[in-house]
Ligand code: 13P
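Shown below, as structure tokens, is a lone chain in the form predicted alone; questions about how it binds or moves come after it.
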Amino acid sequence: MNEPLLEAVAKYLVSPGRGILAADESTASANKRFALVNVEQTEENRRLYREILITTPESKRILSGIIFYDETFWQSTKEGKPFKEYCAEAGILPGIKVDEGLVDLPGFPGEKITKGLDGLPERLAKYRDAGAKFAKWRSVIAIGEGIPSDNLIGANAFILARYARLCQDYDIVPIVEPEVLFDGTHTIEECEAVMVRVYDMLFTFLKEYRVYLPGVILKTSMVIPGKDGGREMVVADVALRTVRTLHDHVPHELGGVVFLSGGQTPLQAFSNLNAIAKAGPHPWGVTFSFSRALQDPVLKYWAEHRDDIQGAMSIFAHQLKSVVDARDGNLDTTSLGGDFVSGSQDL
């Protein structure tokens, strides 16, 4: 384990004025989004769309890293330059999603764990040798009647710790993502209580498995009420509870914290991130690792104007400029409109 290298990569991923694009949708997830906007679900269309995101000029300045899915990791630009090499030359670190999706936790209805530890060392070696600098593993925690159980939280924390340690053994920075789902009718108070349980269990296991925390990135949900509960999302309350939970339950030696958008609209996700940034200073670098909140307006436009690549790039550039302003606490939400606001959590 090269601790100085791991720490340097982690710090770069959350460096000032930058953030991470999550472009690691599985083939099934990408196809679902394409179907919703009437785009044919082919590998070439997925490549074309992701090339727009990767080669937008503002990406070089704003993105510190891109999380790829296996298919995309091996794809190339239309000129034949592998995406991962294009990114590396542009100062964007290539990363890779290495979990293999969700399975039911036997005996615990409605709760799921993440699979993929089998064969992980071999996959990590392959990705490292091909240029990957970091990886991501997602677990999910649903809030509902009687859930999440301690068993579920513990099982996912154990798996995340084993994954993180394996990554570091191969000099790959692990992003650990225990996503508390936005789906549900839960209150913001219930969300905060679950987040505390998740953080406490996760960092207990990370320490037990001797994971080097300065070389780890936490990818986390914000503390928000369930989207099906009919409750207003108050930005100031989201920021207060999110920052309090992180500061009190996440070790200060951690390499960095990045937020997922988790089904929030772009306006919600960017406004909440802006308020969280303003609530600093924070003991670690804090930035974004958004997928849909950055991509939805781009995908909608591209689906309707397939030949206007520059137009799609302009929309993505606008999204990037807005999110980096939010990351720095400088977002003027009163000026937002048009394509930015039109993003949908349903894509």
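Just so you know, these numbers come straight off a predicted model, no measurement behind them. A residue's number is simply how far along the shown sequence it sits, counting from 1.
The same protein has a further form, the form predicted in complex with 1,3-dihydroxyacetonephosphate (13P), not shown here; the description that follows concerns it.
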Residue within 4.5 Å of 1,3-dihydroxyacetonephosphate (13P) in the model of the complex by heavy atom, from P178, G255, G262, P148, is G262
From K84, K133, H186, K136: within 4.5 Å of 1,3-dihydroxyacetonephosphate (13P) in the model of the complex by heavy atoms is K136
Non-hydrogen atom contact W302 with 1,3-dihydroxyacetonephosphate (13P) in the model of the complex at 4.5 angstroms
no
Contact between A22 and 1,3-dihydroxyacetonephosphate (13P) in the model of the complex at 4.5 Å, heavy atoms?
yes
Just checking whether S291 would be counted as a contact of 1,3-dihydroxyacetonephosphate (13P) in the model of the complex - the rule being heavy atoms within 4.5 angstroms.
yes
For R197, is any heavy atom within 4.5 Å of 1,3-dihydroxyacetonephosphate (13P) in the model of the complex, or not?
no
Candidate stretches 310 to 318, 40 to 48, 291 to 299, 55 to 63 - the one whose heavy atoms come within 4.5 Å of 1,3-dihydroxyacetonephosphate (13P) in the model of the complex
291 to 299
Heavy atom within 4.5 Å of 1,3-dihydroxyacetonephosphate (13P) in the model of the complex: which residues of 202 to 219 qualify?
K219
